[in-house]
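Before any questions on binding or motion, here is one chain by itself as structure tokens, the form predicted alone.
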């Protein structure tokens, strides 16, 4: 009877593990093996050892993509978390009216597909005929074609991602704010603390676990940036918006260097893990 019950349980969870192994774990393991091969997708892969990883050390475009990814991700994390926390504090305050409406309104961009959002911002940034240029024209402000200028294109992509995800992180921060004891905040006010001091000495320390989660989550999201440069700039102009994931896509599906692309993707994976661990350690040490 025990064997039958165990067999029934394993049969019920078998579909999940079958799908997980076929479409998730299997491709991950296969791509790791392919990173040590030269494979163009048509001919059989041939082992090359660590040559793909060695070639990455001398690939200027890879380091350009890596540099772009790091600073764009850092800018995105800083702006997105600051905006989300400010929005959450506003939504949690007593003077805010129609809070339910604004919570829904700010979260709605997250429900859009990233590709749909990128197409929308392509129309917003479309030079003289774009929505942004039309809104600023009555003020006498002329803006260049943001996506065609290497100096402004990366900021335009970061702004789009901030617009799309700020509401999502704000909801998480808001949940953390509502978990903080209202009696504790009220006691601080009764002791004469200003609202700014209540936020600084009561609210922010209570939000540290939530902030750690949001910062790590947004960092991973920023380091994996792909849809925006793919739809809006194709990595240009002049590789100014080329990210590591975009580099992997180009090497794998445009140049058919699948083994080389797999090696680059695992370098990015290791980087994400290291950055996440450093963030968690640093923030926890700061919280002590």
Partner chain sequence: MSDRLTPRRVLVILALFGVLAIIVMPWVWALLSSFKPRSEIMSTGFLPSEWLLDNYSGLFRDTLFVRWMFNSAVVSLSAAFLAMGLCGLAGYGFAKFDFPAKETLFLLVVASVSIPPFTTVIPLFGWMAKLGLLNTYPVLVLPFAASAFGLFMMRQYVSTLPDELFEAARIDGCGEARLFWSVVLPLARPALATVGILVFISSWNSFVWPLIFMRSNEMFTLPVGIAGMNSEQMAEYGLVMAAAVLSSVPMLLVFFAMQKQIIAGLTKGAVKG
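Predicted model only: the values in this text are computed from it and were never measured. Residue numbers count along the first chain shown, from 1. Under this definition, the rigid core comprises the largest set of C-alpha atoms superposing within 1.5 Å between the forms.
In what follows, reference is made to the form predicted together with its partner chain, a form of this protein that is not presented.
Although the partner is absent from the chain shown here, 110, 172 and 176 each have a heavy atom within 4.5 Å of its partner chain in the predicted bound form. A residue is said to contact a partner when one of its heavy atoms sits within 4.5 Å of a partner heavy atom; residue 224 meets this definition for its partner chain in the predicted bound form. At a distance threshold of 4.5 angstroms between non-hydrogen atoms, residue 158 is out of contact with its partner chain in the predicted bound form.
Taking the partner from the other structure, its partner chain in the predicted bound form has a heavy atom within 4.5 Å of a heavy atom of residue 101. In the predicted bound form, its partner chain sits within 4.5 Å of a heavy atom of residue 134. Of all the residues from 246-267, those having a non-hydrogen atom no more than 4.5 Å from its partner chain in the predicted bound form are 248, 249, 253, 258, 261, 262, 265, 266.
Residue displacement note: residue 13 has its CA displaced by at least 2 Å between this form and the one not shown (rigid core superposed).
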